[in-house]
Structures are given as C-alpha cells and as structure tokens.
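Form predicted on its own, single chain, as structure tokens, below.
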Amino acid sequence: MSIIIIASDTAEIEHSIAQKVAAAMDYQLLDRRILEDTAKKYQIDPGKLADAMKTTPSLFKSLSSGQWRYLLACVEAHVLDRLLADKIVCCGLSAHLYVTGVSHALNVRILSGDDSQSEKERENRLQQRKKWSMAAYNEDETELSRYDLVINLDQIDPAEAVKTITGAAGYRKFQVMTYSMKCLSDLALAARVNVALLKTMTDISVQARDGSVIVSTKAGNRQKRKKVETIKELAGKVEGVRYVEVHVKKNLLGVTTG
C-alpha cells in the first residue's frame, strides 16, 4: 500500500479531494484535526500551531523565529510518526515538503481552477504559499515539477481526479518496500530528535540512519564542549536513538547560537 499526500492552491479543494480519495481506497484521512493532538502531546497552544502553518514570523507578531520552527517541528514529527502506519491520505499538513526520499509516498498537486478569484488574487495566494514554504523548508511548493502527479480541475472534474489518484497509487512504484519504509523511519526519528533539541536551542540540523543520529550546529569555542554534551544528552533520550554524533561549525560571532 502507499501513502498519498495531497496539496492544492486552495485548502477547501485539497481537503475535499483528500476525503474522497480516502473513502474510495478505505484509507485513513490525516488532516489538520491532528493539530489538537499535536498540541496536547507537546503541551503547546493549538492556536499557535495553526498560525505557524500559514504565516511566517515577523517583527509585528509575538511568535519568534525559534518558536515558529519549534512548532513546525512538532507538527512534522507527529505527522511522520502517524505516516508510519501506512494506508493514509494526508492533506493540510505540508507533508509534501518534508516527506522526501520515500518512494511509496505519492505526492499530488491539485490546481483548483477556481473562477471565483481574479488572476491577481490567485497569484497573491501562490506567492504567499511560496514565501511560507521557502521560509519553512527551503522548498517552493508551487513548483509543479516536485510532484509525482499534477491534476488541473480546469481540465477534469473532481470525480475523475479521484479516480486518477487512486489509479496512480496502485502503481508498483508507490508500493511499500523495505528500503522506502526505512527512509520514512529515519525521517521520523530525525524529526523526533529535532523537536527535542529545538525546544531549547536553534541552528540545528538533524539526520538519522538506522538509529544513528548526526546533529549539525554552530557554537563558539568556549561553548562548544557544553553544547555538544547537551545535544548528546537530549538526543540520546529520544526513543530509537542508539548513537549520536555532533558536528559543530564555528560561529563567526564567537558565541553560541543555542
């Protein structure tokens, strides 16, 4: 079976198509309702989670860049853990931006063909999403070449779109294999470690492979040893971590960034 990740330039269309695909395939639907569970799991404000999913930090908002990244990391970690169950249609959680290298994940982009909005309004909406996705994951979600399947509702109706998606999900390429499942497990572990570290520090990059975790960060010479020890302690407490390696790049300002 596969994971189906649906994104669109219109949230309503995205959710509607995802619901229909999940019903047609008897898959579980994973959508923004998970944010309430995420908020409870990490003891954070669900309103801030929802806000972080659609806006970027600014001088005029109470949410700092560090807080924003921590909130996004919480959502990512929770979503990835849920995706390990397989047979899921996911929408509204930007999973298409962080489920990378997982061959059994079918990434779908729906072009809404919404005639109710002017060309200028549509372009503004796309630019806002591009700005958010670039800030959050350094990925342009409006770039159609990054998707496995692009469907334009100007060309086919929603019912045919659902049939097209369910048919594509049956291709051998999108079936679960040992390697693709391992890739997803590695992403999930890295995301859990990322949450554990971002709660108290910034300038963190995490990779995981078979229980081994590599953390890249920045620190001044004086703070280097303490920061390495802290990272190893925090990361080592995360379930599934067997080994932690820390790479430290010297902070040009000479002070720790955590």
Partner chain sequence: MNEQPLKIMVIDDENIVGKRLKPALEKTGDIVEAFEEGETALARFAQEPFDIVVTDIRMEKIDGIEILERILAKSQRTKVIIITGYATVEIAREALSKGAFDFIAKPFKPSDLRQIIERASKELRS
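All values derive from a computational prediction rather than experimental measurement. Positions refer to the first chain, counted from 1.
What comes next is about the form predicted together with the partner chain, which does not appear here.
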Checklist line | Candidate from M177, A159, L144, A85 lying within 4.5 Å of the partner chain in the predicted bound form - any heavy atom | finding: M177
Item checked: Position in contact with the partner chain when the complex is considered in the predicted bound form, options V102, V108, A77, V89, heavy atoms within 4.5 Å -> V102
Next item on the list: Spot the stretch among 126-134, 89-97, 150-158, 169-177 with residues whose non-hydrogen atoms come within 4.5 Å of the partner chain in the predicted bound form.
Entry: 169-177
Notebook entry, point to check: So in the predicted bound form, does any heavy atom of R209 sit within 4.5 Å of the partner chain?
Noted result: yes
